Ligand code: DGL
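So this first bit is one chain, no partners, the form predicted on its own, shown in structure tokens.
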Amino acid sequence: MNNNPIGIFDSGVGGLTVAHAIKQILPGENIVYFGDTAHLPYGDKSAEAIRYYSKRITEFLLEHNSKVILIACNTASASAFEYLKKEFENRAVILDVIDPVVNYLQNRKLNKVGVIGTKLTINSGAYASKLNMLMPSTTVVSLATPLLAPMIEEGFIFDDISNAIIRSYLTNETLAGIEALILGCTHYPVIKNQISKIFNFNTEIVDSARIVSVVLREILEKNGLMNNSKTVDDKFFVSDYTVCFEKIARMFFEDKINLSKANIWS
């Protein structure tokens, strides 16, 4: 299975931040990426719908012989991770983006940590409950920021509109005094610099992309699944073509993308 690809999925472009980090840390690995642009954003969908989407996408990635399924979406991680493990763990390694971040922070001495994400991610309490269990002396505050992911998907990234929305959310008094801010959506690293600026670059911005990539490398090494091939054949699929997806994909991967539309819902 060493030569098999790593399957990655998200509701849209957010998971590309994770895919990019993986290619930096594991350049010999091939990836198969699926962006479910037909159903984005996931943040306002029901948990049942997210599990249905996640199951079908996982089946698609397994049809492409993925040795690992990485849920590069916090909303899907919160709603479908345990379900996917139960359904598919005997066929591939299943990895989410929440547990690696929580484990990364657990040995840190922090008084107050903030979490931002979609409504479903925040309402699930996935980050807060796990952090409270491992870091009982740390105050964890959560804030839903539902406009950020669709804003990024629509290409509003480095302009007055995006800056106004970011500032409106992050100056909320809930986040006052935080020492670290977890970006509880894989879309958010695209605007990481703007977020850091709101906090005058004094707050640690916890980006799951690199953390998850390091954990993935450890899992591959532990299970003898590393691929050091110099022949790279990455594939990118979307359920509905969008100009913004291709634009952001090329921003991360330059011109080295093989993008196709895959209608897996028919």
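We number the residues from 1 along the sequence you see. What you see is a predicted model, and the numbers here were worked out from it, not measured in a lab.
Another form, the form predicted in complex with the ligand, is not on view; read the next lines as being about it.
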item: Heavy atom contact within 4.5 Å of the ligand in the model of the complex, the stretch among 36-44, 235-243, 216-224, 55-63; value: 36-44
item: Proximity of C185 to the ligand in the model of the complex, heavy atoms at 4.5 Å; value: yes
item: In the model of the complex, S142 touching the ligand (heavy atom, 4.5 Å); value: no
item: is_contact(T118, the ligand) in the model of the complex, heavy atom dist at most 4.5 Å; value: yes
item: Stretch 62-100 - residues with a heavy atom within 4.5 Å of the ligand in the model of the complex; value: C73, N74, T75
